[in-house]
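Below you'll find only one chain, the form predicted on its own, shown as structure tokens.
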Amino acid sequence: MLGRLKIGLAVLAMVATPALAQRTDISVGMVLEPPNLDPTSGAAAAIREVTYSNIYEGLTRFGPDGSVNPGLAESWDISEDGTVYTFHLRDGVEFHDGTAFTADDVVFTLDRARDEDSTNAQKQLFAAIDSVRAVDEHTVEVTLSQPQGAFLFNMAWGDAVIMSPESVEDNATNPVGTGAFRFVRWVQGDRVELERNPDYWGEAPALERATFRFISDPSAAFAAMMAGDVDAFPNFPAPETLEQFEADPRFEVIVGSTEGETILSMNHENEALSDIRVRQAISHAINRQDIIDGAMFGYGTPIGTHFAPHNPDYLDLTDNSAYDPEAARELLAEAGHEDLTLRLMLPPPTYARRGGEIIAAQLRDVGIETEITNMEWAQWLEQVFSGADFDLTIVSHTEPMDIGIYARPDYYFQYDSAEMQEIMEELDMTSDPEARTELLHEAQRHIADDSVVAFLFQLAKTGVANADIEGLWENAPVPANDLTGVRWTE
């Protein structure tokens, strides 16, 4: 009898103990390596793809559906006139180096971001702030110079994450935040490694370790996924291979939308491009669907203005710049630029390199020659984005609701329109939803009518992952690989 009991207990133990423990590590593929790991001092989306929510957190944060949710601020009060925001901060939060998170860190971060010498790539997010005051250790009062309907939205951007003054100087290479994961190492040219933060204030993530691997070549990305060298590639660079993954039960193909308006930017300081007729000609020379089919294998939505088609305030203005090569030739002749040569600078992403070749052929067909320069990301950021030394370039603007860039004369394409600036100033001061919609429509029409850039397509989010992984974002309301809710199901 005793022998049978022992055998029964042994069988129960075998049943109760899984044969294999659930995995708690993940390897995530990325096309671009971030130039640094401080999102408050760099424009590259790759910085946020590694750090957003994982390492750094803001007062508010975006959910996968684009909603604005509490972050380091668990709640807030807004004055009746919409100019004073009182944030109630979470208690017991620590930075990864053990430093306590307090209201002073919020004051430091927001004052640093809006300082005259700030290097924040989205400095305009903080332009409406008049003052920031620590009421007590866990309460911050932010006073705006005027009401700003999008203020809580702005505070959820990766550029508005909270930094500690004790570690901020080293965050570019040794990031210290309050997030669910903490930085382990960065092997430049290869990977960034994170580990679970054991002292995280919120719900502990299921993953214990995460590695971001940088694989820019589409063929290498395909091989890495097939071999299991990476477990997920949320922004997969070889859309032509997605059918193969869909047919393989080991994988799941995840197709969603992004905030990435992909455009052919034009430098308005170039004499020819300062002429609206030349800009209109370039827009009419481009067949958007050819680029979507040829560069993105059908993944992407044509756009005629700088606004996401999934946004309820989107206007379809693609007809304003419909493909019409004959009209393009006539406009160039009228402008006296029938033999025009322009420099086309292309960053590494597939949409830019492949799309650039297609656009160059389409422009050649109407009489515009291009001199193509393929650039690495750091070079593009320095020369094109910061130095405005280019004629044409292709880039996907992945920041949410960023139509306000067209009201910034110092922005890299150097478009200066008093009318657009007035529209955006009024939008900033407007909180009524219907009035905001009207202003957003007005802004979309203005930049479309002025052919500020050539609007191409909304970047699709095409990802591939091991079928046993859940919790990856389907859509990308911001550039992010948020791993806080990711887990293995087997």
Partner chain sequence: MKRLPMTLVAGALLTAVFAVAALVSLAWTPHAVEGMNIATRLQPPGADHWFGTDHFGRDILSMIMVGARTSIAVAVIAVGMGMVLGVPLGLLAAANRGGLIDEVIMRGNDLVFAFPALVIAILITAVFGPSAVNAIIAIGIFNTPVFARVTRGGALSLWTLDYIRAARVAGKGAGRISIEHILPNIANLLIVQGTIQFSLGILAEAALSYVGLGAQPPTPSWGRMLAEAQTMIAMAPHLAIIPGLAIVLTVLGLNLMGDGLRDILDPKLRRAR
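Residue numbers count along the first chain shown, from 1. Computed from a prediction, not measured in an experiment: that's the story for all the values here.
What follows is about the form predicted in complex with the partner chain, which we do not show.
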Only hit among 110, 358, 168, 128 for heavy atom within 4.5 Å of the partner chain in the predicted complex is 358
Residue within 4.5 Å of the partner chain in the predicted complex by heavy atom, from 372, 184, 84, 255, is 372
In contact with the partner chain in the predicted complex (heavy atoms, 4.5 Å), from 217-225, 194-202, 132-140, 160-168, is stretch 217-225
- Message: residue 403 versus the partner chain, in the predicted complex: is there a non-hydrogen atom within 4.5 Å?
- Response: no
Check residue 241 for me: does it contact the partner chain in the predicted complex (non-hydrogen atoms, 4.5 angstroms)? yes
Can you check whether residue 153 is within 4.5 Å of the partner chain in the predicted complex, heavy atom basis? no
Contact with the partner chain in the predicted complex for residue 213, defined as at least one heavy atom pair within 4.5 Å: yes or no?
no
- Every residue of 268, 409 and 413 near the partner chain in the predicted complex, heavy atom within 4.5 Å: no
Near the partner chain in the predicted complex, with a heavy atom at 4.5 Å or closer, the residues from 287-307 are 290, 293, 294, 297
